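First, one chain by itself: the form predicted on its own, in structure tokens.
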Amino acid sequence: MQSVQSPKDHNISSFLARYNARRDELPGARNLREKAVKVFQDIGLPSRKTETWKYSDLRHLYLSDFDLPTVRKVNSELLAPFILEGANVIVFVDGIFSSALSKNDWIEGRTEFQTLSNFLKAENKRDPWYSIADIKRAGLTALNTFLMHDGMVLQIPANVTIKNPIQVIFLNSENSSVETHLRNLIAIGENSTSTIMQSYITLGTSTSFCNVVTEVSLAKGANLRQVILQDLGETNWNIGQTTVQLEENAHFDNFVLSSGARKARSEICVKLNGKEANCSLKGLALVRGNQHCDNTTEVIHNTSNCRSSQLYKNVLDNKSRTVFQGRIFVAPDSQKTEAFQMSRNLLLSRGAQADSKPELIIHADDVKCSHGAAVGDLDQNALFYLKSRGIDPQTAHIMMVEAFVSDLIEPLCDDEIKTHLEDFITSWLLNVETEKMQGVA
């Protein structure tokens, strides 16, 4: 008699089968991959029974079938509207690096860039890569680790300032249904500064699954501004996990704008390991229809005199849902810590749902820590005032929402990125208002 597998066992087995089938063609990191396989067999896939995943259900993802990444050509003219003016551009199409679409000749002599595939293939010619991502953490990091096939490796040496932003575009091509496990490694040297924008976009219609892990290491005095724009098609899945490690006087500024995908999760873990290190985490979700967006954060204060701030806002329409889970952990003797966290949600319809779960774990007594959460709809008095001044209802709604999100966009220093995101937000709001007017008509 054959044993009957539970759906959970079947899902785990299917991913392991994919690894076994591709084991010989996956580049390098053999020991790390095998270690991740064992962890994956022990912890399995996250479900709603997993505390940090109880608001996000991935069962439909586990039961879906996807293709392996293959090289596909994309017309550069189709990509042009998504590229920042003056940016240094690195492009991946369906999970595979495209040298034809990338513009990375700026690297020579200042920055070392290579694909993860080439980086792993050369592991016997350099020191072993020390991963800072926790593969034992509940989620898809272990899965990413044994199936990772490509991504970006960017190393900026000490005392270098990259003035123009570096834009990394992860593109799903027309009619693609690929499963990609991307790994990005970013190391910023002492007293160096850079801005990196990661853009996830879709050309046309696709039904893909993107599982990406980004590891960031900031040396003493390093500064990094990371902007993530997730605008995949609404039939895609996007799971992202970022781990950041900061040394003394390092500064990390992160902003995530998530508007695409059927179900999206952005998870970030920041470890403040050196004194006077500080980080700023901001996020904005613009969702409608039946979209689901989950922002989960953890900031770990491992030493004294460090600062962190978190501000996440969500704008929801129709029957969409957002999740914010934020944890601040202050280790013993991490005195003079300052840590703040806030989540605000704006509901544009009665069917939308916003969940917030802030959490403080403090093991020191000389700290300033706070958290808060708020949910509400548009201020009807303010809307009435705008309409009484001759402003049409559609414009009034857009002005109100833009005012709600403005404090997230204004602090961005790069004008090209700021303009790009402002145009994106305005376009999204116009689409929402136009659909409502058509529905009324």
Partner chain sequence: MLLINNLHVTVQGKKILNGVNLEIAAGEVHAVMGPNGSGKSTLSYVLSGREGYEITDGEIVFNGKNLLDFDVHERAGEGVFLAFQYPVEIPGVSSMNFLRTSLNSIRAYRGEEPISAVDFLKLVRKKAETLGMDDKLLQRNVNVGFSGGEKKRHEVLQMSLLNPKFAVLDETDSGLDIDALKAVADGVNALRSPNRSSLVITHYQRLLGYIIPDYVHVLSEGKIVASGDKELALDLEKKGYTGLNQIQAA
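Since the structure is predicted, the reported quantities are computational estimates derived from the model, not experimental observations. Residue numbers count along the first chain shown, from 1.
As for the form predicted in complex with its partner chain, it is not shown, yet the points below apply to it.
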Consider the chain as shown here, without its partner, and state which of L68, L378, I391, A373 has a heavy atom within 4.5 Å of its partner chain in the model of the complex. I391
Given the stretches 55 to 63, 37 to 45, 397 to 405, 23 to 31, which is the single one in contact with its partner chain in the model of the complex, using a heavy atom cutoff of 4.5 Å? 397 to 405
Wondering, does I409 line up within 4.5 Å of its partner chain in the model of the complex on heavy atoms? no
